[in-house]
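The chain below stands alone and is given as structure tokens, in the form predicted on its own.
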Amino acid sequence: MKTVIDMQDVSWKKDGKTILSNVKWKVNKGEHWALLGLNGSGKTTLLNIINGYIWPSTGTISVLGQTFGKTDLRELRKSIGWVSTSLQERLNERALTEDIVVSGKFASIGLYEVAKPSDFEQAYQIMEQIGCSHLIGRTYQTCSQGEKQKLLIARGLMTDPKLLILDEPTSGLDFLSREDLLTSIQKLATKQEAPTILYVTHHIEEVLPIFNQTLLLREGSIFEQGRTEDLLTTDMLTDFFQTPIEVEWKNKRAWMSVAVSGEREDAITT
């Protein structure tokens, strides 16, 4: 399987309003993608389509070589790990951290199945890999926001997914916790058997060096896609955000700021 995601002319409408329009996007094995867009740009809708929770109004889509309409989406989802902050609100605060992680194998919010000792051994190994093994034996409610995010990533890896979606995983984290989590993601992505990772954010400084491809989504349409270093530039992001932007690269990461008034007065008019 060389193609992880293949979307051709995908659109989605709700109540007569177009939320996504004519999306053409292909993700190949060996690529890690960053998805950038402001709130309301259609990122969540795009993720819901990839996971098969909503059906495109038009177009065709295949994920992990499985064409929608010709595959069991429930089985397909077992090969997709989706980490979202919204999941935290549904978890039992009093559950042990290792139970939270093991529940990912059964795609359940709580651990209701009878887990095998090997399941917990796998969970411990993943927690070590993600850098949260020190949380074993603690309850979920005693963990910091950053620790909870690491546990959710570990949970998402329990099924050995081929595709891992990280949906704004640093939301609510302070600077140090954010950088700690990003370091864990960088290490995960560089492992030999790492899944293809989609990292969804609206903060370009979170786009790590391992995310070699970027998709810019604006108002439900693809604004641009391609190599990250070609897209995260002053001119491109000024056009994308329709606001004068300055981009500076440090340590192979792009850092963005709004240009001081008068410095780029012609940025969005030329």
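Residues carry their position along the shown sequence, with the first being 1. Keep in mind that this is a model prediction, so the values were computed, not measured.
One more form of this protein exists, namely the form predicted together with a small molecule; it is left out here, but the text below deals with it.
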Heavy atom within 4.5 Å of the small molecule in the model of the complex, from candidates T234, Q225, S62, T45, belongs to T45
Candidate stretches 35 to 43, 234 to 242, 206 to 214, 66 to 74 - the one whose heavy atoms come within 4.5 Å of the small molecule in the model of the complex: 35 to 43
Proximity of K17 to the small molecule in the model of the complex, heavy atoms at 4.5 Å: yes
Non-hydrogen atom contact E168 with the small molecule in the model of the complex at 4.5 angstroms: yes
